[in-house]
Ligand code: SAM
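Before any questions on how it binds or moves, here is one chain, the form predicted on its own, in structure tokens.
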Amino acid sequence: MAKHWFEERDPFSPIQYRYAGARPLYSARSELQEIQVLESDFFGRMLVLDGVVQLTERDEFLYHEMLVHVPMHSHVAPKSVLIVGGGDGGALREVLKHESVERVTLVEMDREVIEVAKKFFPDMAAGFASPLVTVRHGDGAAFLDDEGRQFDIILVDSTDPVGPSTSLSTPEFFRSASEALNDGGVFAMQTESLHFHADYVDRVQRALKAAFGAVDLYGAPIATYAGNWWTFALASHAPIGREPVREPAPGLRIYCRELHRSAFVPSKALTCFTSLGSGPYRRG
């Protein structure tokens, strides 16, 4: 039997990953993007949007736990949470593990992503059935423009900053998010690879500092994302410590107090990476 191969079409990366034994299960085009589900002997089911792998069953918990639990454990008792993007349900699943949470609003542009997640990734998408959850369909940036200050945690779980997702990393969006964050609240978003996108990471850090006042950066190793060392930005109106402020929520696979502490990028590391440049290789 011939082996199925899947090769990414990643416009935001200088390399392309190729997956062996990735059999197609589902393929369709929504109003916004191409959606595929693949089945891999090694990675399990894989969600692919516009030719780029978004998650695999084998390692999605690494991304979702680090995106969610570092900011959530930086707040003493988060009650109201906004997730921008996150239509696969992984971030929502992790947010709902915190007993203090009273309401979650998830704003996803593409309703088809949610339906595909419910069908092919039911364990990950189970949180959509929670009575604490309200789902809105539309642009997260436009949603925040219409909202008042009312969230303890804002999480941006977006695709790469190309196409429709570019609106989620602009100074205007960050100002809207800052205005929607309660006092003592925490904002977090994925900010790509420190290896390949250091200039983008630096630009986001600067824009967040201008909008919020306090900003920090942490990372996690994720094998299925180009560059592998993935980064996440934290921002708040008040200084952000690098220690969790409470005990870990139940039911976690990788997040713990020690990982929280060690995930933060040394303050000078970003400067070192941006000094290398993000363009073609240059000899020293």
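Keep in mind that what you see is a predicted model, and the values were worked out from it rather than measured. In this text, residue numbers run from 1 along the sequence as written.
Beyond the structure shown, there is the form predicted in complex with the ligand, which is absent from this document and is the topic of what follows.
K.L.:
Wondering, does Leu49 line up within 4.5 Å of the ligand in the predicted bound form on heavy atoms?
P.N.:
Heavy-atom contact with the ligand at 4.5 Å: present for Leu49.
K.L.:
Is Gln190 part of the interface with the ligand in the predicted bound form - any heavy atom within 4.5 Å?
P.N.:
Flag for Gln190 set to yes.
K.L.:
Taking 4.5 angstroms as the cut-off for heavy atoms, does Pro71 touch the ligand in the predicted bound form?
P.N.:
Close contact is absent here: in the predicted bound form, Pro71 is far from the ligand, nothing within 4.5 Å, heavy atoms only.
K.L.:
Using heavy atoms and a 4.5 Å limit, would one call Ser40 a contact residue for the ligand in the predicted bound form?
P.N.:
Result no; Ser40 lies far from the ligand in the predicted bound form.
K.L.:
Would you point out which of 82 to 90, 126 to 134, 203 to 211, 177 to 185 contains residues with a non-hydrogen atom within 4.5 Å of the ligand in the predicted bound form?
P.N.:
It is 82 to 90 that comes within 4.5 Å of the partner.
K.L.:
Can you work out which of Gln54, Thr231, Gln36, Ser236 has a heavy atom no more than 4.5 Å from the ligand in the predicted bound form?
P.N.:
Selected option: Gln54.
K.L.:
Going by heavy atoms, what in 95 to 115 lies within 4.5 angstroms of the ligand in the predicted bound form?
P.N.:
Residues within 4.5 Å: Val107, Glu108, Met109, Asp110, Val113.
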